[in-house]
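Next comes just one chain, in structure tokens: the form predicted alone.
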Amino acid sequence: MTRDRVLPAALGLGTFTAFILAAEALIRLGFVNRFIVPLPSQVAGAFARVVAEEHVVARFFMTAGEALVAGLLLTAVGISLGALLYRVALLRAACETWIAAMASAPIVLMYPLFLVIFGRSAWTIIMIGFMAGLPPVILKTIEGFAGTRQVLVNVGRSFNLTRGQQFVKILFPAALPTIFVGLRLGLIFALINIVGVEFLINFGGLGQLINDLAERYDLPGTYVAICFVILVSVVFFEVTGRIERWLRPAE
């Protein structure tokens, strides 16, 4: 078990280290323009400066908080709507195609409308992230429930389970892996749009920091800010993974 965990982690770390060393060499040799991509060593050296001078920790928690609220909304609304559409076949036939189409819509371009509704505030950013991440959660929830093996449903009926008991004891546990895939996809879409809107409206968080550093042409600092955005994503993926394992202790 330990070997199964250590080897993938070691391989991933080794691959990442090799990529960084190769990028450093290519930039120093002139194959990559250092006015577009800074040296990884410069980026590493800029971490302390950005943390000390740009209030990056507070910005990190602001972006993470917006992503957290959007994620909670996605979980509550997305799973509920997915379950409703699974139960009501007519409603599902009427709406599923539109929801799938919404998944490819550039929601971020609607930020002027959200600014009118919510003002220049964190709620504008949260709601755009929520709307962008909603379609995959709904679609994957439907897919998870619809993919439940019929034999499991038949066993539940043989024990005279009510519809509510079937949902709690059979449908939801069987659909859980697919639902979490949808939640992760939704969080990806939400975080991309959250950082994008922070950048566009220049309002707090890591997106505003990226905008500020880019306008100053501080390339190493800009890449440091992008690294913190990646860190937000890593934290949420780790948290959702732990929650999924907690909900499925038998596995």
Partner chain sequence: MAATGGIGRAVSGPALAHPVTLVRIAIVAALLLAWEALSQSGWLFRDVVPSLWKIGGALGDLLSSRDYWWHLGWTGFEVGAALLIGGLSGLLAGLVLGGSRFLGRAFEPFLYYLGPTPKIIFFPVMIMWFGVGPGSKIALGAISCFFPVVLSTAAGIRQIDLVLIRVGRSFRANAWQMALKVYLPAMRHPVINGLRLGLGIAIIGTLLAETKLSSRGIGFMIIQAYATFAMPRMYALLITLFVLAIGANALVGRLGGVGKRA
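Rigid core here is just the name for the largest C-alpha set that superposes within 1.5 Å across the two forms. This structure is a prediction, so every number in the text was calculated from the model and none was measured. Numbering follows the first chain given and starts at 1.
Here the subject shifts to the form predicted together with its partner chain, a form of this protein not shown in this document.
Trainee: Kindly confirm or deny that 62, 123 and 247 each have some heavy atom within 4.5 angstroms of its partner chain in the model of the complex.
Mentor: Per the other structure, none of 62, 123 and 247 touch its partner chain.
Trainee: Would you kindly say which of 50, 210, 183, 70 lies with a heavy atom within 4.5 Å of its partner chain in the model of the complex?
Mentor: Among 50, 210, 183, 70, a heavy atom within 4.5 Å of its partner chain in the model of the complex occurs only for 210.
Trainee: So which of 72-80, 134-142, 166-174, 152-160 is the stretch with heavy atoms within 4.5 Å of its partner chain in the model of the complex?
Mentor: In the other structure, the partner sits against 134-142.
Trainee: Give a yes or no for residue 58: in the model of the complex, does one of its heavy atoms lie within 4.5 Å of a heavy atom belonging to its partner chain?
Mentor: Answer no; every heavy atom of residue 58 is more than 4.5 Å from its partner chain in the model of the complex.
Trainee: Report whether the minimum heavy atom distance between residue 18 and its partner chain in the model of the complex is within 4.5 Å.
Mentor: Because no heavy atom of residue 18 falls inside 4.5 Å of its partner chain in the model of the complex, the answer is no.
Trainee: Determine whether any heavy atom of residue 196 comes within 4.5 Å of a heavy atom of its partner chain in the model of the complex, and answer yes or no.
Mentor: Contact with its partner chain, yes.
Trainee: In the model of the complex, does residue 26 come within 4.5 Å of its partner chain, counting heavy atoms only?
Mentor: No, residue 26 is distant from the partner.
Trainee: For the stretch 29-43, return the residues whose heavy atoms include at least one within 4.5 Å of its partner chain in the model of the complex, in the order they occur.
Mentor: 35, 36, 37, in sequence order.
Trainee: Answer yes if the CA of residue 37 moves 2 Å or more between this form and the one not shown after aligning the rigid core, and no otherwise.
Mentor: Yes, residue 37 moves 2 Å or more.
Trainee: Determine whether the C-alpha of residue 224 shifts by 2 Å or more between this form and the one not shown once the rigid core is superposed.
Mentor: Yes; that C-alpha moves by at least 2 Å between this form and the one not shown.
Trainee: So that I can tell if residue 27 moves, could you say whether its C-alpha shifts by at least 2 Å between this form and the one not shown after the core superposition?
Mentor: Comparing the forms between this form and the one not shown, which are aligned on their rigid core, residue 27 does shift its C-alpha by 2 Å or more.
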